[in-house]
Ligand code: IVH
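There is one chain below, alone, in structure tokens, taken in the form predicted on its own.
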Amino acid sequence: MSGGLRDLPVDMLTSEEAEAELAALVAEIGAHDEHYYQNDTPVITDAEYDALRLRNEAIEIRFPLLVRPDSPTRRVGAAPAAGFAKVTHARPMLSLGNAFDEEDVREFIARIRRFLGLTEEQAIDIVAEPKIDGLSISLRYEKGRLVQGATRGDGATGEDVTTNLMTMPDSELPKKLADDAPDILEVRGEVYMSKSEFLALNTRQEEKGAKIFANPRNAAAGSLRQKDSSVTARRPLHFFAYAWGEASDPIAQTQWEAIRRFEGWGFKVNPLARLCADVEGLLSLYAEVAANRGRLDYDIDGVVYKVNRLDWQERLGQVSRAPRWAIAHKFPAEKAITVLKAISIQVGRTGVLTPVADLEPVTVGGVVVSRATLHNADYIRDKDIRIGDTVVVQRAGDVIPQVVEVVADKRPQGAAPFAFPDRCPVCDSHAQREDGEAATRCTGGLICEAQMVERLKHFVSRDAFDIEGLGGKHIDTFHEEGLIKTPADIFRLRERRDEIAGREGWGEKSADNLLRALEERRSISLDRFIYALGIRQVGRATARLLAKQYMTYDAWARGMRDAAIHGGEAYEELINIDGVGPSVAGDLIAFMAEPHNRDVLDQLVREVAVEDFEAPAASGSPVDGRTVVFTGTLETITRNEAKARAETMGAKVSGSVSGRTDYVVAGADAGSKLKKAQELGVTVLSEEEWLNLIGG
């Protein structure tokens, strides 16, 4: 976890804080995915989970250069559970991005217009349908017969649950399709259990002393994952079809037509689905479904919107784990009223002082809450929040709840305004607030234990050195007792093996396990090594870009030192890396210019071996590995679409022209970039030549 960062609003995060927060969110969301997708035992509510993902996505939007390769936005669900055969989906089963209010929905439509280059007058038909809270399933039919059924799993690989699916009646899940179905067809949808049948099942389970399910979704998932298919056969499961994967022949030209074909093949589709012509139609259906949600006999948690035209879906494509042409409009989170007992101050890895409300425990959206964010000193002052106040708490848009307002007429007599501290509660250094910033920061730097320890935790975290058995509590203890002060000290723990083995709670075996884990991590990839250093603005994505550019540790370290000469060749090489630029370059140069940091690196590389970067195998496309710059106005596709297509074919898209640029694609009214390309002798392609090169 990232301490006080979790309570800091996204718009207040520095890039370094954002990087730390994204690392913590990856681990936390991954754990919840395992609970939900593998074990059918979620430990948080859907609203709480959505808040985690929303914060992650909001940080990525504000800091696009920090997006991590293992980001939750790049994966779906969790790996298949043990005990079932694995099925690789012919086409990935994607998840969906989320919309939480009217503004998000309007922006979704606006993004589609921008990406496709559509005018305001051009209608965008959207299929809207309730989002069923069940278990996503893919059904594979060959020659019209059901041959395999699999769960979504992690989106690429799921669990083979064919035998259990076969027990469902044909009226719910047809085993044979009509002759007009494609020879190969994957139908996708949601297996669910009705609310009334769920209650009846739990009654029977209670009478037998068997497992009681928390909700219909868990009951449906648990029923479908039974090792004994006869148990599944006794469970009342249903299936709504709404999508498809591989198909040997086109099944439709629109989403709406595809739904009608599903019906013709014997599948049930949601009767509340509607074809809408504009945003107002979407919002009207959303309001209607939300108003009638309680009367439905199955659980839903929102409404899904999908672009109707399949050719537009194809052009829009996807971003990481989610399609650009669809979004889930989720229902709002709940609020509750409680009493604020105290305000505590947390200090994060970068020294930010974050106020947190300690509350009388209250249930919000099915979860007992005892703490909530107060963001910063301005937030407390503007809302006039005082200790002893009765407050409204909400779970929406942040990972932990937030205090959204004070119930003024219930304020206790004598409650005084909160005095935000001007000293760090950890190291007692002066805490100051820079001009133009909302955050108050400790000035203690490396002498502040809160910051020092968090930097070490980042170093050993999952996406950095990933040292098994050296968790946050161990870092806290080892640092407190003087065993580790710098990253290199971690790998010198072998010299203190007996001391560790003699510690309370350790012993010979656990000490040896830790040292074995350390030895296994003495070799690390260049990108993970760079990320582990905790350089400001250098997240996993940027670290990988740097590793790909410089290939070896020596070349990277030399390049960062040489880049200190602004305008020099090394500096130009650094800022021309697509996704780096002058701001990130400045932080990299500053890091390497600091003697203390160079000393840390020198110590560290004496303890570990940094592996050369291995470029992924070539995709075989004519632009794989080439650097491309787009300039001017493109006529047949938008700039965003051109960039997305280039990147999917393995090209590197840059915003500036240099001697390392391979192609400049020049549209109408191309300016200085075209001129520079001509001066440097870079190959210039017209839009038509570019499309011919990549195959249309």
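Each residue number is its position in the shown sequence, starting from 1. Being a predicted model, the structure only gives us computed values, none of them experimental.
As for the form predicted in complex with the ligand, it is not shown, yet the points below apply to it.
Of the listed positions (G472, P323, G117, P236), a single one reaches within 4.5 angstroms of the ligand by any non-hydrogen atom in the predicted bound form, namely P323.
Residue-level contacts in the predicted bound form: of E454, E129, D463, D527, one residue has a heavy atom within 4.5 Å of the ligand, and it is E129. Of the candidate stretches 404-412, 478-486, 88-96, 550-558, only 88-96 has residues whose heavy atoms lie within 4.5 Å of the ligand in the predicted bound form. Using a 4.5 angstroms threshold between heavy atoms, V304 counts as touching the ligand in the predicted bound form.
Shown alone here, Y242 lies within 4.5 Å of the ligand in the predicted bound form, counting heavy atoms only. In the predicted bound form, the ligand lies farther than 4.5 Å from every heavy atom of D389. Under a 4.5 angstroms non-hydrogen atom cutoff, the ligand in the predicted bound form has R152 among its neighbouring residues. In this stretch, 189-211, the one residue having a heavy atom within 4.5 Å of the ligand in the predicted bound form is E190; the partner itself is omitted from this view.
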